[in-house]
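Form predicted on its own, single chain, as structure tokens, below.
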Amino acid sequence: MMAILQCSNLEKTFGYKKALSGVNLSFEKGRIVGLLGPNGSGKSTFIKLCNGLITPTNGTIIIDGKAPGIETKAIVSYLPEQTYLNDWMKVSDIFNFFDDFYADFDIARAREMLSSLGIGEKERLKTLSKGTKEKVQLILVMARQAKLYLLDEPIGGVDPAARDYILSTIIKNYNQDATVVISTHLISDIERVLDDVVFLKNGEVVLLSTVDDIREGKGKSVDALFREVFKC
């Protein structure tokens, strides 16, 4: 199957600090990929490079045949680690903004997901809890019919119940022909939804494997292997 994302000899440095070094990856369509590593391993840097928010020091990234830019933003749905929505906005304002901005935004599906949370469209973000704001942000991302979903720490900083909601929302709502890349260091919570995993350590890929190969070939869970590799 054709790859949706490919990178070759990818490198990113910030001053004297090398955040990524010699990264070579290829993600196929229709897969859920875990981008796994401890804090500071280069996960967020990789996702920002894929979104064109920063540029590589060396190497290339290709998304659906194109370098990150205006054209790829139309097919990539990105969930940043930090909340970016303005507190003064109503949920309906944000839905309408996304509906105007993204041709693939399904506002009916967004409203359906919102209703399942018991949140009204007229509520302002400043009245919502941190966890609920993050769920609204996830709804915005998953209501798009994107080809590539890039989710940076979607379950970090939320309680276990919220994690279950977030993971079920991802599984139920992503385009089945698309690829989902989930960055996290919380392996045990997420490995049940993954097809493939990438271990990043100090900006380098130390493992690229399917989840089935890890379980069958190594006889252990992804979480157990992660703890062994990273000694945590």
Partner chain sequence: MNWSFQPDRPIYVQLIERIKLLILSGAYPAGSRLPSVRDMASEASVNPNTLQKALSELEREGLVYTQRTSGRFVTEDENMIKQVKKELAIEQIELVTKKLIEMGFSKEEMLALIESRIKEMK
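Keep in mind it's a predicted model, so treat the numbers as computed, not measured. Numbering follows the first chain given and starts at 1.
Just so it is clear, the following notes concern the form predicted in complex with the partner chain, a form of the same protein that is not shown.
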Check: Does the partner chain come within 4.5 Å of any heavy atom of N175 in the model of the complex?
Finding: yes
Next item on the list: Classify I62 as contacting or not contacting the partner chain in the model of the complex by the rule of any non-hydrogen atom within 4.5 angstroms, answering yes or no.
Entry: no
Check: Taking heavy atoms and a 4.5 Å cut-off, does N39 contact the partner chain in the model of the complex?
Finding: no
Notebook entry, point to check: So, in the model of the complex, is S221 in contact with the partner chain at a 4.5 angstroms heavy atom limit?
Noted result: yes
Margin query: Can you confirm whether S26, V205 and L208, the three residues that make up this candidate site, all sit within 4.5 Å of the partner chain in the model of the complex, judged by heavy atoms?
Written below: no
Next item on the list: Work out which of L194, I47, L200, I187 lies within 4.5 Å of the partner chain in the model of the complex, going by heavy atoms.
Entry: L194
Margin query: Going through 198-218, which residues have a heavy atom within 4.5 Å of the partner chain in the model of the complex? Please give them in sequence order.
Written below: D212, R215, E216
